[in-house]
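As a starting point, one isolated chain is supplied in structure tokens, in the form predicted on its own.
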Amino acid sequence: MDAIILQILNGLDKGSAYALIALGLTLIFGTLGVVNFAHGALFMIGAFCAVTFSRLLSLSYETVDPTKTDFLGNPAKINTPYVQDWFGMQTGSVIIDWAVPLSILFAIPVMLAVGVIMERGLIKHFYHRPHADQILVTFGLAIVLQEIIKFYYGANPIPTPAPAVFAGSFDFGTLMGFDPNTIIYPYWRLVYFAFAVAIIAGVFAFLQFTTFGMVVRAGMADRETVGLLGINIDKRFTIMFGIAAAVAGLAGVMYTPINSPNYHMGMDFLVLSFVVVVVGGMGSLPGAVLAGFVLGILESFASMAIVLETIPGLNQIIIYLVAIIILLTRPRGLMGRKGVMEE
């Protein structure tokens, strides 16, 4: 039972990332009808927003401390971060330690701007083009963004630690009556799951309970009728593209302590996220979220030692096997609208 609970926790962790990326993909496909193969690159850019913000907080100036000497006997040189100089040693150290969560404030405007620029500068020219053209141009854009990141940040992963308070692990088993140290799970992974749930709930609440969201949902259902009512639905869809980019970026920001950012991390998640969208149902936001968590849990169980001893490599293909079964039996996906992908 403890092994099952641990795998469920691992699955929720993976599923959180899948669900957040798939949610943004579905927002774009549902509003604009665009198959955006550059969405994984937005996840990567978000992660490197956290890297950039951490480096900015670590900028320092050099001073000489005459009371200390180096190994040669010369006065020791000390690097003092500007943040510590401005806010004091203790407060500055806390700010640097909390760089990843604080980088959310930096990433939101950056990702909104990237999304709007991407949509206005490139995507809008492919609204009425075949999906194959959309895939080719957005995949090409993803490669360009990937190479830009590689040029400026290098090819090696960049460790970006979580705040020290979340560095340990939580004894999850004691809450459920197990012996101490039976189910140990990292604090930050639990934080990531809670963050993902909050973002998903926020997006659904925004679409469901705000006037802007209701207009967007109406536009997703019948774009032409909404336009005939005098509403500039294109402008609202552009904003939704920016929001979808921000969701992917925030998923990348908070994922940095789990998986050190590297230039190809967007591609690693892209294909899996598209499989999640297809399994959930093209254009279905609840379906994308449900499929993300379900496939994350299935992948986690397929990674168990006892399973891999029986079927080696199952964890690498389980998601694709599920996708094949779903497409053969229910082409529109788990929660897709009738008629979608069924012609």
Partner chain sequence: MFGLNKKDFSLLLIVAGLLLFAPFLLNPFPEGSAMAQFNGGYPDLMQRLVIFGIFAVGFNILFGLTGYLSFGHAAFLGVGSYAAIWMMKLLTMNVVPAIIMAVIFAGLFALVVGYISLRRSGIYFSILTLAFAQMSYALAYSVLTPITGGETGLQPKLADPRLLDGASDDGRIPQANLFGLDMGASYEMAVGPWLFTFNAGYYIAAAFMLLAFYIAIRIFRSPFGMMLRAIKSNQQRLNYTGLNARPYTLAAFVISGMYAGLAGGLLVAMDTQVGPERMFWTASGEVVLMTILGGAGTLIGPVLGAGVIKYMENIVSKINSTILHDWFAFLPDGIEDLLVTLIYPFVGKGWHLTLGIMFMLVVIFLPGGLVEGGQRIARLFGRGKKDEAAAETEAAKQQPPAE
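Predicted, not measured: the structure shown is a model, and the values here were computed from it. Residue numbers count along the first chain shown, from 1.
Keep in mind the form predicted together with its partner chain is missing from the figure; the text below concerns it.
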Among 123-131, 251-259, 235-243, 216-224, which stretch has residues whose heavy atoms lie within 4.5 Å of its partner chain in the predicted complex? 123-131
Among L102, M267, I199, L112, just one has a heavy atom within 4.5 Å of its partner chain in the predicted complex, namely M267
Contact with its partner chain in the predicted complex, heavy atom within 4.5 Å, among I108, L141, L190, V116 goes to L141
Whether V35, V275 and I317 all lie within 4.5 angstroms of its partner chain in the predicted complex by heavy atom: yes
Would L327 count as touching its partner chain in the predicted complex under a 4.5 Å heavy atom rule? yes
Against its partner chain in the predicted complex, would K77 count as a contact residue? Criterion: heavy atoms within 4.5 Å. no
Residue contact check: F151 to its partner chain in the predicted complex, 4.5 Å heavy atom: yes
At the 4.5 Å heavy atom threshold, is D85 in contact with its partner chain in the predicted complex? no
